[in-house]
Ligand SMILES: Cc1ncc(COP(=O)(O)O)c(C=O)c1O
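Single chain ahead, by itself, as structure tokens, in the form predicted alone.
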Amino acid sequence: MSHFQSYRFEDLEEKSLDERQFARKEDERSDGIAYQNKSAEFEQNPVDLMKQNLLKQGILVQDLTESNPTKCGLYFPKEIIATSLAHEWNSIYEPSAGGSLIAKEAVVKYYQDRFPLDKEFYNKDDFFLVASTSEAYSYILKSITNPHDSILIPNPGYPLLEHLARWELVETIPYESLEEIPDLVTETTKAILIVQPNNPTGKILSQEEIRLLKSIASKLNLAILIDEVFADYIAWCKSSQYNFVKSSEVPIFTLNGLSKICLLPSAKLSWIHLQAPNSMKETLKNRLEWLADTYLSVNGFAETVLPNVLDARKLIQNQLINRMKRNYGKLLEIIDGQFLQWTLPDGGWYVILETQISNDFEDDFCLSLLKKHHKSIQSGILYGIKSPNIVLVLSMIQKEEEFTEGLLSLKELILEFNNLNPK
């Protein structure tokens, strides 16, 4: 365990659960220390400024990268939630550090349904319930790193990952392929982060890549973090086979939750699945229990409805998957591949569009989209996508009529820019 030693736990490793619970008490400090909020001045992006000005004028701006399902008219059936609470809710507060038994058993069933040939692999004692995947990252980084350690994060990738590491005083090292990882690892590197399907590229690891990942982690003494929040959404894409990454030789933390599985971001319930060699598994479980017992952040209402909500997930998932299929059909119908290129992802909610417009005109393009069409879109630069041309990240979960309007606006503007700036 020496490589994954965390100074935060040095005086806690040997304490019993009873001692941990006793240690959790209300903070009664009244030392009079004043905290002063200092507002830093930032140079604001002109695209953001125009968007804010339009909104202040009461002009509706359509976000073509919208990924909040509740803003796209997708809602989990509230009757299932209401019925579950009415029949199952117990008002007695008996918190459990890793999550309630009934909730963890529901998560185990979810994985057994997904991977019926591996039913025996999933054990309730290997799951830790948390409020969000962001909190899951916080727990994991606290468990296996010290300040100024580093982790490897995918590029392209979601910018939030850097911020989550920053708050744990952990540095991030971007990597573009598994093959380059050995050259990037330092003495303080503790983990490789994989997001699959990737956000926003939608890439899923092949079996060969999984073998390479585990080999690298084993040789370099690294933990593996797998963020699989989009894993249920491959049915609208290529014929992709999603593989749960398993190993008894290296620590693997797998993250998922209700935000994407059931389109319930407000439920605030996610989880960590832990795998590790026998020599370190109990220590890592102990650390996660310490953290979970310290914060007790899991919502009891969400735990109560979890079994029925997970059982009914296909009701909302099928709506979303069918919508993405129809939207992809519109993409094929409206957009001419001669002036805009894309590839069908392995999974996820996005398609990456590459224009033939130089990225020197990125701000001009986005400002024109706002001014003329009252629509906004995120550039691939935000996610670390490298290209000499403007690359756009398009959400496939938007309402079909709005998605179609967005495509027509993009087509008109791209043709205009191509005519103004021919190559």
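Quick note: we count residues from 1 along the sequence shown, nothing fancier. Just so it is clear, the model here is predicted, and its values are computed rather than measured.
One more form of this protein exists, namely the form predicted together with the named molecule; it is left out here, but the text below deals with it.
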Want to guess which of 283 to 291, 330 to 338, 130 to 138, 75 to 83 is within 4.5 Å of the named molecule in the predicted bound form, heavy atoms only?
-> 130 to 138
From 222, 151, 298, 195: within 4.5 Å of the named molecule in the predicted bound form by heavy atoms is 195
Tell me, which of 175, 158, 111, 242 has a heavy atom within 4.5 angstroms of the named molecule in the predicted bound form?
-> 158
Looking at the named molecule in the predicted bound form, do all three of 362, 378 and 395 come within 4.5 Å of it through at least one heavy atom?
-> no
Give a yes or no for residue 230: in the predicted bound form, does one of its heavy atoms lie within 4.5 Å of a heavy atom belonging to the named molecule?
-> yes
Hey, in the predicted bound form, does residue 146 get a heavy atom within 4.5 angstroms of the named molecule?
-> no
Could you tell me if residue 254 has a non-hydrogen atom within 4.5 Å of the named molecule in the predicted bound form?
-> no
Does residue 259 reach the named molecule in the predicted bound form if we count a contact as any heavy atom within 4.5 Å?
-> yes
